Structure formats: C-alpha cells, structure tokens
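Before any questions on binding or motion, here is one chain by itself as structure tokens, the form predicted alone.
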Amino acid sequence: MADSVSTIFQEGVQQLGLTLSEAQYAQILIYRQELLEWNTRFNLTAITEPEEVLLKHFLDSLSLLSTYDHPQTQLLDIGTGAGFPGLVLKIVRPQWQVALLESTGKKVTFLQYVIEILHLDGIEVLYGRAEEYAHKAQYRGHFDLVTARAVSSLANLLEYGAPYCRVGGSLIFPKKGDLTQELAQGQRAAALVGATLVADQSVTLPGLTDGRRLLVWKQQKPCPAQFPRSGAVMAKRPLGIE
C-alpha cells in the first residue's frame, strides 16, 4: 500500500524519523479518500488536490512529532475540523489516547465515521465549544498535550488550550508568516494562563516550504479558574493587549 503514497510524502515521513506500517499507510489513504468524497457534499477542506492533501494536511499534522513524541500521551485537539492534526497523529501513534474537539455537527459526523471505518480505539469526539468543555472537571488539567491548528490568534489559542493542559504538559500551535506582534501578545497572554514558550521551531519538510512554525509552550502552573472566558468576551478583550 505504501507504493500508492507519493514519494515526497514518504520522504517527509522518513525525514521526521518515522516508520509507518503498510496498515498505517492504508489508513491514511482511506482517510484521504473519505475526506475528498465527503468534501463534495460538506465543506471540510479548501485543499482538494490529492497530493496537496497528503502534504498540507497529513504531513503537516505529523510535523508535530518533531517536537513532541512520547510513548504514552493524552492528546486534545481543539477545533480539529476534519481531524487535523489529532486524527492523523492517532493513526501514527495508536497507543495515544486522543480527544478531538469540534463544534460543527457535520464535521463531528465525518470524524465519527472515519474513526469507525479505520477501527480506531482510544479516541473520542467531543461535540461542542472549547470554552464550555474547559470548565468540566474531567477535562480540565487532564491532557499531556494540547494542540489547535485553528486559525486564531496565539493569545486566544493559549486561553482556550491552557485550561486543558496538566502542569508540566505541552501546548503546540502550528503557525506561519510574520508573528512578531502576535507572538509578543501571546507571551503576555501565556503569563496570565500559566504557560511559557519553550520552542519556536521551523518546519522544513518536503512540500511545506511556506514558513510554517511550531510554537511549543509548557504549562508551568494550573490555569486560573476564570479562563477560558466566553468567545464574545475574548473577542472584545483579548488577553495580552498592552
């Protein structure tokens, strides 16, 4: 099955130091096929060329393993959309316990379908908003790794993500472009939610040469109980504004 996956994708996998089984490559191809088929009915991705999907969704998701790759992990993916990066990481790290948080019903239906046809265990889909689940005791301070590929400011991502992260855990937010001002605001916001920036790593994988970066934060202390605030309050009074 691996020979059905592009050479450039396999090169990227090897560059990350990963070894995927034939079964894992098969799962990736099934996932891509379902994504593109469902996308003709629902808006799941703006990227529709099969090779681009492999690189800009799947390989980009796997890039997180260049900064974090522990044997046993509780992962939360906030605003996962069609499952990036959380569902891809689950395929490659089946021993991880993964929670995918998504607020759009059609995307939740898609995720549940893909999980079922790929026969994945140890993964759940949470249907709702990040600011609501974060105040539930069973999720707060529970996860070793929190990520969000959603298009939002670092300050907002930190406010959404830090409440879920255990002390000593990590938050990884993929970004690209000039982040000078956003990063400065994000660092001020991080101080308020108990996190600290520990790495800013460039992504230099085949087909991903558009300035992608992984911003890695460590949760140094429990996030204060008032966070996250409602989306409306966050929009009106973003954290970290001087």
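Numbers for residues come from their place in the sequence shown, where the first is 1. The structure presented is a predicted model; accordingly, all values stated were derived computationally and were not measured.
Below, we turn to the form predicted together with a small molecule, even though it does not appear here.
Proximity of G169 to the small molecule in the predicted complex falls outside the 4.5 Å heavy atom cutoff. For R93, no non-hydrogen atom is located within 4.5 Å of the small molecule in the predicted complex, even though that partner is not displayed. Using a 4.5 Å cutoff between non-hydrogen atoms, G128 counts as a contact of the small molecule in the predicted complex. Contact check for V151: a non-hydrogen atom falls within 4.5 Å of the small molecule in the predicted complex. Listed stretches are 67-75, 99-107, 117-125, 137-145; the contact stretch with the small molecule in the predicted complex is 99-107, by a heavy atom cutoff of 4.5 Å.
No residue in the set F9, S63 and K175 has a non-hydrogen atom no more than 4.5 Å from the small molecule in the predicted complex.
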